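First, one chain by itself: the form predicted alone, in structure tokens.
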Amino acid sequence: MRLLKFRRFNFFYDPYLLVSIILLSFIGLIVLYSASQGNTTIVIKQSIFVFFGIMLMIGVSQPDPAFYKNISGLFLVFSIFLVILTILFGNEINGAKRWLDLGFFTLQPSELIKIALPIFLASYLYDKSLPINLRHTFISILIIGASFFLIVFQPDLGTSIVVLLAGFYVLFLAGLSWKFIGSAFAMFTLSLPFLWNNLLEPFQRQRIATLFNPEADPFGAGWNITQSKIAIGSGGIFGKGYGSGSQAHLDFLPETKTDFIFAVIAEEFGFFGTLILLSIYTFILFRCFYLSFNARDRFCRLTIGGLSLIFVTTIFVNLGMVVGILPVVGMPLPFISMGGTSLLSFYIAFGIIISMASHKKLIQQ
């Protein structure tokens, strides 16, 4: 981490995270140009989001962590309010209300809850004795459940699962007892039939069923997974070359700019290309874990841990659905997939992580 002193203010940053994320963003723009078949309009629009996102990340990293602790409740309430507005007045696309049209920008408020929820829980639990007692656990679960079900009703299964995990990550890191974890897992297992019949939409049940047997309907429900596997396998060791992926450029592969952009990378750059990408992700993750272990207090440790685990969960879900081990739930690949709110939310998350880590130097001086 670094602290640059200027005449009137201090500039906080972490060179490892900053360089890695800028590198990922640059790779994302290069891949997006090929995935969009040379559509410069899409790339320019994404470039604007990337530039604004990097500036936003740098700006968000400057306040002291105490600022985020103080506004955590307001941030969560505001995010939930936006989700409710979206359910009531949002744009409906393919049967889902996930986006709020602001005129100049289409906002997906559920992406904000991914950040707001772990920060609030870290603020609530940072000074609680270990292990967390039942009252604090119950209150935390109520907040997590309310956030989860609001997003489920949009419906948005992928983001709702990430939000659910985000809450439980912080609970676990804060000292949730293993006895409670085991009991909760048993209750979840027993409730699966109820959740299957009452919580999931028919198209969501179809996606899960397709996961186990995509060959049953290769030209229908199984098309996405089948074409994705073909694209990944055909890339081989070194790939077919930049802009030469047949699955993407002949329109066999769906959602090449968003959910399945990793398949484009695998087809065009092969095993080595994907290895480089995953190596950058792994470096960022281990850097975040290092910063979490060395954070200045428990609030910072919980926040960095929770946000970094959301990051790795999003990567895992995206790669899992692309290679066919998880159902297709609509999850972008961080800093690579095309998108506005999702992209900006990760820039904000890493800005907060840098704030939590870099301000430690000021305390030590």
Partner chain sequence: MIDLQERFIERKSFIYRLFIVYFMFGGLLLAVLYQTFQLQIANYSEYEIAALENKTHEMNIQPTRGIIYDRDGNILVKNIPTFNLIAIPNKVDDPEFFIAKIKSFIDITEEEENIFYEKFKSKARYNRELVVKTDLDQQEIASFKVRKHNYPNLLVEKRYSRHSDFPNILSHVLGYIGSPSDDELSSILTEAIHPRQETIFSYANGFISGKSGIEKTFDNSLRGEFGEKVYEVDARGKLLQEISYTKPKEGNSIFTSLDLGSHIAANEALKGRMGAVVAVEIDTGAIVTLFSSPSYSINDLSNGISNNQFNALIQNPNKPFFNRALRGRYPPASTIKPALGIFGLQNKLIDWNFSIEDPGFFTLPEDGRIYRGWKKGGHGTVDLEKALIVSSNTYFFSLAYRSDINQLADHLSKFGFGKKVCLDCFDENEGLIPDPQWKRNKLNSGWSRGDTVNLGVGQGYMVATPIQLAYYSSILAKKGAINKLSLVQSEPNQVDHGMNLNNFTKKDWDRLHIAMTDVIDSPAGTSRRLKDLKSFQVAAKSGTAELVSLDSKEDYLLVRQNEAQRDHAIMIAFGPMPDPKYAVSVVIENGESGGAVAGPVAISVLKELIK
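Fair warning: this is a prediction, and the values are worked out from it, not measured in the lab. Residue numbers count along the first chain shown, from 1.
Beyond the structure shown, there is the form predicted in complex with the partner chain, which is absent from this document and is the topic of what follows.
### Query
Heavy atoms within 4.5 Å of the partner chain in the model of the complex: which stretch among 53-61, 24-32, 40-48, 298-306?
The contacting stretch here is 298-306.
### Interface residue in the model of the complex among G243, G233, G73, G145, criterion: non-hydrogen atom within 4.5 angstroms of the partner chain
It is G233.
### Task
May I ask you to choose, among T256, S110, Q247, T86, the residue with a heavy atom within 4.5 Å of the partner chain in the model of the complex?
Going through each option in turn, the one that passes is Q247.
### Distance check, A184 to the partner chain in the model of the complex, heavy atom within 4.5 Å
It does not: once the partner chain is placed as it appears in the model of the complex, A184 has no heavy atom within 4.5 Å of it.
### Task
Spell out, yes or no, whether the shortest heavy atom distance between T137 and the partner chain in the model of the complex is within 4.5 Å.
Taking the distances in the model of the complex, the answer for T137 is no, it never comes within 4.5 Å of the partner chain.
#### Entry: Contact label in the model of the complex: N224 to the partner chain, heavy atom within 4.5 Å
Contact check for N224: no, nothing within 4.5 Å of the partner chain in the model of the complex.
### Task
Could you confirm whether L176 comes within 4.5 Å of the partner chain in the model of the complex, counting heavy atoms only?
L176: yes, in contact with the partner chain in the model of the complex.
#### Entry: Site check N91, L164 and L190: each within 4.5 Å of the partner chain in the model of the complex by heavy atom
Contact check failed for every one of N91, L164 and L190.
### Message
Within 4.5 Å of the partner chain in the model of the complex, counting any non-hydrogen atom, which residues from 28-43 show up?
### Response
Residues within 4.5 Å: none.
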